[in-house]
Ligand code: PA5
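So this first bit is one chain, no partners, the form predicted on its own, shown in structure tokens.
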Amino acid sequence: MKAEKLVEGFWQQLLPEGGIPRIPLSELKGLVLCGMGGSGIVGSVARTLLLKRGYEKPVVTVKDYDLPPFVKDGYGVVCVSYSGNTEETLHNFRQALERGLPVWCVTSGGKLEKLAREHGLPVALVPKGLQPRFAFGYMFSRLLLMLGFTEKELKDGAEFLRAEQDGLKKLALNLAERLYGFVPALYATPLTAPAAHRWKAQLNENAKTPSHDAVLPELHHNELMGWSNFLLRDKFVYLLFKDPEDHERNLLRAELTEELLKELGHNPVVLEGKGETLLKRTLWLINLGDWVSVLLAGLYGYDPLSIPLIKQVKERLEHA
């Protein structure tokens, strides 16, 4: 299936399915969400939404081989791997078992499903045959249901995106043309940081474009001094992500960031998700970024589905 069709049908991946195992969040001391790349961003977005809903216990994302030492009795672990063969996530799974922790899995199969079945652990399966980054909606919807989000929330989000497709594609084409020939600098507020990081990864993989993301308020303590170098700053196009539910001081910082960039001769793109809930606004921003990445790939003449360098790394690791 062509990349554009996958992006256009993103909303369909969000439609809920029954039989998804639920995680007893109230019984846990904390939660760890493990995953890499296109599977890992699922946990990053879910963490932001869960904490914004008022979950009062630690939620940690792990994108490495080892679970933190403090993850022990009372913690629950979720392993998300589209292929089921991600070596870092499999290592997390085995460590969780060694520590006697409850584990939930989201996958399309592979070693992860096999191990989970062998140990009688709950698994939410997603359809096979896609690249992980193009299966985000499948994994994300399953994980949200596990975390107690409702089928109605997901259905509403899906229908909202369905109605937005024409507008999203039109806006994305304008943005792709704006980004062409430049390095995107993606500046985000905390609530939009996962969506901005998804943009970064999609621009990397689909459009074969180096990109950079940074988050307020931290970027005001270091990043902005890089703008002093006029020889380098003009190689970037600046995009500023924000959400109306962000802390008021971070919204003020977003305004100041825009003002400073304009004073330096730049006209940053300001992006705020559409929709009446954080979930809808986040999905809107993610879907927009997916569109931008595949359309920018077209402008450069790249195949969005081709990832030869990533495959090379995996092959070399297998023989190392």
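Each residue number is its position in the shown sequence, starting from 1. From a predicted model like this one, the values you see are computed outputs, not experimental measurements.
This next part talks about the form predicted in complex with 5-phosphoarabinonic acid, which is not shown.
* Asked: Which listed residue (L50, M36, L288, L279) meets the criterion of a heavy atom within 4.5 Å of 5-phosphoarabinonic acid in the model of the complex?
  -> None of the others qualify; the residue that does is M36.
* Look at the candidate spot formed by S81, T86 and P132 and say whether 5-phosphoarabinonic acid comes within 4.5 Å of a heavy atom in all three of them in the model of the complex. => Yes.
* To do: Give a yes or no for I307: in the model of the complex, does one of its heavy atoms lie within 4.5 Å of a heavy atom belonging to 5-phosphoarabinonic acid?
  => Although 5-phosphoarabinonic acid is absent here, I307 would touch it in the model of the complex, with heavy atoms inside 4.5 Å.
* Asked: Does E205 reach 5-phosphoarabinonic acid in the model of the complex if we count a contact as any heavy atom within 4.5 Å?
  -> Contact with 5-phosphoarabinonic acid, yes.
* Spot the stretch among 250-258, 36-44, 265-273, 64-72 with residues whose non-hydrogen atoms come within 4.5 Å of 5-phosphoarabinonic acid in the model of the complex. => Only one stretch qualifies here: 36-44.
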